[in-house]
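Let's start with one chain on its own, the form predicted alone, as structure tokens.
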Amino acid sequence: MVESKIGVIFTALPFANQQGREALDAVLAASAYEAPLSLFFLDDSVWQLVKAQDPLQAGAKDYLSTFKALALYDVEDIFVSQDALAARHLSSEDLSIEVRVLSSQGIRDQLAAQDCIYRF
């Protein structure tokens, strides 16, 4: 059996719409099939990983804490755009989970290694 590598690109702010939650739901569902998953946080989506956020203040349900459980689902390839962090004056220390920070070229290389990509 050939395993297809699945890449999931997060692009949205955490509470602007349901895209972040839908992307996370898709990741958790795909993990049930044990497909190799890679997550990519680009642009404003890096805010989804920032520590100590209170979704209740935004009037939203807390799906952000589920990111901390991704390792339990064997989702360990989590990539964050270095440019997105820098543009928002953030660093990996500001994030709630362990990630690999990649340059634009590094992101492109990792995306090229995926068999299927979903963008949210």
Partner chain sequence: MSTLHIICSRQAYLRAQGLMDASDAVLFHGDGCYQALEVLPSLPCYWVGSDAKARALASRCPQKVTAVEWPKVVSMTLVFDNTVTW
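The shown structure was predicted, so the numbers you read here are calculated from the model rather than taken from an experiment. Positions refer to the first chain, counted from 1.
The same protein also exists as the form predicted in complex with the partner chain; that form is not shown, yet it is the one meant from here on.
> Using a 4.5 Å heavy atom cut-off, state whether D62 contacts the partner chain in the predicted bound form.
No, D62 sits far enough from the partner chain in the predicted bound form that none of its heavy atoms falls within 4.5 Å.
> If we define contact as a non-hydrogen atom of the residue within 4.5 angstroms of the partner, is A58 a contact of the partner chain in the predicted bound form?
Within the cut-off, so yes.
> At 4.5 Å between heavy atoms, is A52 in contact with the partner chain in the predicted bound form?
Result yes; A52 sits at the interface with the partner chain in the predicted bound form.
> Even though the partner chain is not shown here, does A16 get within 4.5 Å of it in the predicted bound form, heavy atoms only?
Heavy-atom contact with the partner chain at 4.5 Å: present for A16.
> On the criterion of a non-hydrogen atom at 4.5 angstroms or closer, are A30, E34 and Y73 all touching the partner chain in the predicted bound form?
No: no residue has a heavy atom within 4.5 Å of the partner.
> Though the partner is not shown here, which residues of 92-117 have a heavy atom within 4.5 Å of the partner chain in the predicted bound form?
Counting only heavy atoms within 4.5 Å of the partner chain in the predicted bound form, the single contacting residue of 92-117 is D94.
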